[in-house]
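Single chain ahead, by itself, as structure tokens, in the form predicted alone.
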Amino acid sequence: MAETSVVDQLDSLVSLERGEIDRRIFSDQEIFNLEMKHIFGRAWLFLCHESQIPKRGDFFEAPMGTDNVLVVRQKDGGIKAFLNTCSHRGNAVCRAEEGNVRNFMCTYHGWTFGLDGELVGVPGSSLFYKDKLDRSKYPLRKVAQLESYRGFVFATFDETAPPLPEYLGATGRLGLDLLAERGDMEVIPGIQKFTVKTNWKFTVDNVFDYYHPQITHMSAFALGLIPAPPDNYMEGGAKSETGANLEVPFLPTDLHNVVMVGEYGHAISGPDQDALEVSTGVEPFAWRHNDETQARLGRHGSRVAGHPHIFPTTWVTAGGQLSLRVPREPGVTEIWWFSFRDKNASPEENAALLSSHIHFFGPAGLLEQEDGENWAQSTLQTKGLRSREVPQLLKMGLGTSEVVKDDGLAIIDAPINEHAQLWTYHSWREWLRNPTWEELRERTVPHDRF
């Protein structure tokens, strides 16, 4: 579809009212190109955590849409980010994913750039360029804006984008607070990366999906990776290929979910803290059981046990990780995992934490490998001539939930639902219209009812 055609069809591609999504949005190349331009070319995107670049000259390469940028700690302690492409012939000026340097030298012709991105060296400057090359005109291209919120570094290519705290809003800030409040946090060295043959939006959709674990992750229940649920099963359940009734567990968390939706598409969704702790028999949120943390999270934030998501692709897990879903092609997404730990935790506590991070998500994570198979199959079916005509359904709880607005948050208390997914697709649709920032904010103010 051409760009004008895509924009003209947006209302039919995503219907918040019907709870239906056109499957073409997961595999159409023109739609993907428009996403890169109007979403990833404008939004504030997570780059890294400040603990990854503590010293002068430390750098980390991060994705911004289809571009790669170098995030660099400056001599004065500040942070800058610029495209990892030489201003001469376009070669990458750095092939490493992270490290410490005094400058960046392009391995094509040797043009050299300082930590601030300025061009400081050109081989043969006098002999070949006759000293007429104005180095000040050819620095590495910088991002338009860069800001840090509680150590989480974000940037945007859009000079007109609102400040980061305003972009995050109450919902986005709470999502990051739920990780920052766990202690004196730092990233564990080594970012896990792997590729799934899926469209990036399936990975975002799944962040909020608490309907699938009892089926998709049956093996995790059987292995004890997830605490076994009580002997209580869903009515109208699934049947095996032989016709036998399949006992699908009913979880205490199924009835007690908290959804928060925010401007620009941010959302939090999942079980509330009490239900999760009753369900699992453990207290995964003991870190927040003190007055100071409770006060900082607020009365609504302190009961969240679901998944926060910063639009478009930053997911904060309940277990203390942050994941980027990096779109590479319409049907290819890289998954990046940042694992965090409290600097003051004991070696035993950190070892246990790292073990859980490795075994839940990432290339060795049981849950995400099972999810990845579903995402790949779902993406594949969007390419079939007839299969792609079947609408994607998000009708669970549709039209039955009231939105309560308090403390800057838009909150829904309900059984398991698909409200956060619908909010993501609704916001995605509005981003693709490419409105002004003021218009975009107005169009993504949460409704009074889902």
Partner chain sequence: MTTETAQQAQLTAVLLQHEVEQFYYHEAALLDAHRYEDWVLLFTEDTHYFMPLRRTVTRRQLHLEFTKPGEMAFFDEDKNYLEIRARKFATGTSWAEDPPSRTRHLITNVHIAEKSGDELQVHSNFLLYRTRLKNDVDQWVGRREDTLRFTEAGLAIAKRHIFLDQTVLQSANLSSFF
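Just so you know, these numbers come straight off a predicted model, no measurement behind them. Residue numbers count along the first chain shown, from 1.
Absent from the display: the form predicted together with the partner chain. The rest refers to it.
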*Looking at 166-174, 268-276, 192-200, 148-156, which lies within 4.5 angstroms of the partner chain in the predicted bound form, counting heavy atoms?*
192-200
*Taking heavy atoms only, is residue 216 within 4.5 angstroms of the partner chain in the predicted bound form?*
yes
_At 4.5 Å between heavy atoms, is residue 323 in contact with the partner chain in the predicted bound form?_
no
*Taking 4.5 angstroms as the cut-off for heavy atoms, does residue 334 touch the partner chain in the predicted bound form?*
yes
*Is residue 98 close enough to touch the partner chain in the predicted bound form, meaning at least one heavy atom pair within 4.5 Å?*
yes
*If you check 234, 144, 133, 364 against the partner chain in the predicted bound form, which one has a heavy atom within 4.5 Å?*
364
*asked:* If the cut-off is 4.5 angstroms on heavy atoms, which of these, 289, 359, 89, 75, is the one near the partner chain in the predicted bound form?
replied: 359
_On the criterion of a non-hydrogen atom at 4.5 angstroms or closer, are 68, 112 and 125 all touching the partner chain in the predicted bound form?_
no
_Heavy atom within 4.5 Å of the partner chain in the predicted bound form - qualifying residues of 325-345_ = 334, 339, 341
